[in-house]
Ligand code: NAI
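What follows is a single chain, given as structure tokens, in the form predicted alone.
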């Protein structure tokens, strides 16, 4: 891919942006204001369809249903960057994107409140068996009971994963008068009176409600299975609004059928339908006091509007200035523009001698460097260099032809 096309060395209206899955109009407005060529599609694309769609696309925006595998990225010669308009990025092969020189951005903050509110509401709903009472009334049955219905005040909520969402759940739970414990593999500053515990087992044994807020990784897959469920208090509740892979669903269904757990809530599942016309199946269906929702934790108008702005802004900063701050798979570089200069951006394999080769090119062409920043990760290096304008095109061309170069473009 050495010598890849400079996608920002021609008019902005020729930069093509493809947004899938009904990305919020707040993102569309930002791209339109830049004068980019914008195409939107309401649904997800299958990997085979995506390969064809990406051949002339510079910026791709997806939500959670479009899978972006290495094969799709390999054919996307013009692709500059990719935005996941959601919190997670596990739908994208981020390692392959890194190797291809494509930074991936997401929205780690924007739907925090929406998910936290849903989880807090589900804690109360499970404690009062509200799902069952509502279903019974819809079926014409008046069943007024208080047995096994409780206030949440004074109960203990255990949070697994104390990141942006988990910590906000703790704040809301504390406002309801709950005790809050949390377990995280990294040290996290507690909010309010939330208290960390040293081990997952300790949290499971001490909590009346356990809620999961972890990413999908090799370490978190099926982290709550039969062994962990057996450690939970009799009559406790499990809530999962993180990723469907982190809970052994058949083991959870068995614990509910046996009455060892009093209820559960799931907003995510190991297998989720790709479209509204597909049927949904889960071992949790039909079980009492089980709340099932179709991955709607961040599905509020407020969250989607904020996500649209957050991700689109990051993508625009990369296209227009080369800034990679916030990318999940790329060295972070953000350099203020240098007036009266041209900016060269170079992604290259992280091997010794690249910067020396670049500087020899600059020196040989008699160019003057106004600013130069290089940052690396284990696989790639990312160079942002501002030059005086007279020979910047020649410098860019020579750098792009280096055998180490993956993608090179010139700005301004």
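Owing to the predicted nature of the structure, the values given are computational and were not obtained by experimental measurement. Numbering follows the first chain given and starts at 1.
The protein also exists as the form predicted in complex with the ligand; that form is not presented, and the subsequent description refers to it.
Asks: Give a yes/no on whether residue 296 approaches the ligand to within 4.5 Å in the predicted complex, heavy atoms considered.
Replies: Close contact exists here: in the predicted complex, residue 296 approaches the ligand to within 4.5 Å, heavy atoms only.
Asks: Does at least one non-hydrogen atom of residue 315 fall within 4.5 angstroms of the ligand in the predicted complex?
Replies: Residue 315 lies outside the contact set for the ligand.
Asks: Can you tell me whether residue 228 touches the ligand? I mean in the predicted complex, with a 4.5 angstroms heavy atom cut-off.
Replies: Flag for residue 228 set to no.
Asks: Report whether the minimum heavy atom distance between residue 132 and the ligand in the predicted complex is within 4.5 Å.
Replies: Close contact is absent here: in the predicted complex, residue 132 is far from the ligand, nothing within 4.5 Å, heavy atoms only.
Asks: Choose from 171-179, 186-194, 230-238, 252-260 the stretch whose residues reach within 4.5 Å of the ligand in the predicted complex, heavy atoms counted.
Replies: Result of the contact check: 186-194.
Asks: With the ligand left out of view, choose which of 166, 322, 308, 158 has a non-hydrogen atom within 4.5 angstroms of it in the predicted complex.
Replies: Comparing distances to the ligand in the predicted complex, the residue within 4.5 Å is 166.
Asks: Which residue, 208, 93, 248, 267, is the contact with the ligand in the predicted complex, using a 4.5 Å heavy atom cutoff?
Replies: Contact residue from the list: 267.
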